[in-house]
Every structure is written in structure tokens, then in C-alpha cells.
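Taking the form predicted on its own, here's one chain by itself in C-alpha cells.
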Amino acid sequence: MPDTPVLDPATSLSDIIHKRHSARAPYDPSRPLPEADLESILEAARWSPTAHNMQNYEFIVVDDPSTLTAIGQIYSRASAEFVRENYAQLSFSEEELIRKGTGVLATMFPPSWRRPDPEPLPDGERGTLDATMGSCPAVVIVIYDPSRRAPASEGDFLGIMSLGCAMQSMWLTAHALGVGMQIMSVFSSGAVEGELRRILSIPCHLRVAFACRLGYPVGEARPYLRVRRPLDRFVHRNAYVEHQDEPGPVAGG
């Protein structure tokens, strides 16, 4: 019999990194996340690097249908600050996005978000979190203690970076398991965070860093162009050199 091919771990990891994406489609609420997969995702976060090994995080896993419904009924609305700063990152054509290599397409957002002056926002754009959650069977809310700071880290930059490491580990593991994941930053906004404290009994000294929904997408997700700058646009050898003629970025993947 021929030898069984051995999968190169480095190639496998590279493939996972390249194909990881935000699963923005609605999820199947009747298909629960297997406990073993959930534990693997949380284990990945547990072994993520953290500044000074502080592990300054707590995870609230919400998979009880009644609690998910209660969270879904929380009202949210994008702030004028978010819309204004989001506008600065928009491209108004795929060609522009490919040329820049950073940011997102304007068509991914409501028309009122596609202008430099976001005020006043239409009243109709005040909706509930249910639309954001997309009928997901599970939500993981990551909270942390802002009074604990990594040593010699102004603004706790290293601590926030550590939370990002946990997020990345969760995301790559979810993708490897075939589980859809999307970050929901709206959960950390003031009004939403306050309601989450009430529903989930979150102590007042802890803050919401981010939340993610987990599950299995149903139907066709709206496609979106993924771009990254090529290495020669941001890698410098031995000294910083201003790039004069920047080549176009690599799209997709």
C-alpha cells in the first residue's frame, strides 16, 4: 500500500490563516455548537500569549435560548464618531479598495454611513442586537479588568494586544473546525454594555472587550472583497525606507 501522505503543519496553518474570514451570514439557530468544538475554541484562547502572563480576561458563554433572546432585544445605534471614523476607511469601488489594499467597501454599510458628515443619523437605524447576532446558537463575550495593567504599558497597550491574541487564536481554531465566527464590537459600546451588565450580572469593575458569535452559516453570505498589502509595501530591511512607487496590493485570500 502507498504511504499515507503527511500533512505539513506549517502549510496547514498557513492555509487556515489565509482563509479565515468574518462569517457574516445568518447562522442556523437549530444547529448547536458541539461542546467539544466550543471547548477547543476556548482552549485556544487559554493558551494565547498575554503580557506578563496576566491572563486578564473572563469569558461568558451564552447559549441559553432565552438569554440569547434577551440580549437580542437590546437596542443599539452606531455613534456619530464611529460613522465619521468609519467613513475615512471606505473605498467606493473595488478598484479603489484593491489599489489601497486597506479598508472596506462602502457598499457594506447603509447609505447614511457613506458620507463625511454623519449627523443626524436617521431614527430608523436604531435597531436591536438580534439583527447583528443573526440567530446564532452561541455568543462568547470577553470581559477584562481595566484596573489591571501590564507592567510599564501606558494605556495598557500590551494588555489590549493580549486580548487580540486571544481573539486570533479563537478565530483560527473556529475556522479550522468549520465553525463560523464574527466579531461584534457593538457589544462594548456604552449603552449596550450597560444592558449586558444587567442581563449577565457582569460586575461593575469589568469591561466588555468584544464579543463573537459562533455557529454555522445558512444560505449564501453576501460576498465581500478581501485585500491585503503585499509584503514589499510594509516590510523594511535594516532601515525604514519610504516607498515611492508602491505596487498594487494582492486581492482575495
Ligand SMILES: Cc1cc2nc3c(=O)[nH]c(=O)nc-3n(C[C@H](O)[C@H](O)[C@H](O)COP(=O)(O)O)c2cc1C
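Please read these numbers as outputs of a predicted model, since none were measured by experiment. Numbers for residues come from their place in the sequence shown, where the first is 1.
One more form of this protein exists, namely the form predicted together with this ligand; it is left out here, but the text below deals with it.
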Honest question, do Met167, Ile183 and Arg228 all end up within 4.5 Å of this ligand in the predicted complex by heavy atom distance? yes
Whether Val104 contacts this ligand in the predicted complex should be assessed with a 4.5 Å heavy atom distance threshold; does it? yes
Within 4.5 Å, heavy atoms only: does Tyr224 come near this ligand in the predicted complex? yes
Closest heavy atom of Trp171 to this ligand in the predicted complex, within 4.5 Å or not? yes
Taking this ligand as it sits in the predicted complex, is Arg233 near enough to touch it, meaning that at least one heavy atom pair lies within 4.5 angstroms? no
To test your reading of this chain, name the stretch in 71 to 79, 175 to 183, 149 to 157, 90 to 98 whose heavy atoms come within 4.5 Å of this ligand in the predicted complex. 175 to 183
What are the residues of 14 to 49, in order along the chain, with a heavy atom within 4.5 Å of this ligand in the predicted complex? Arg20, His21, Ser22, Arg24
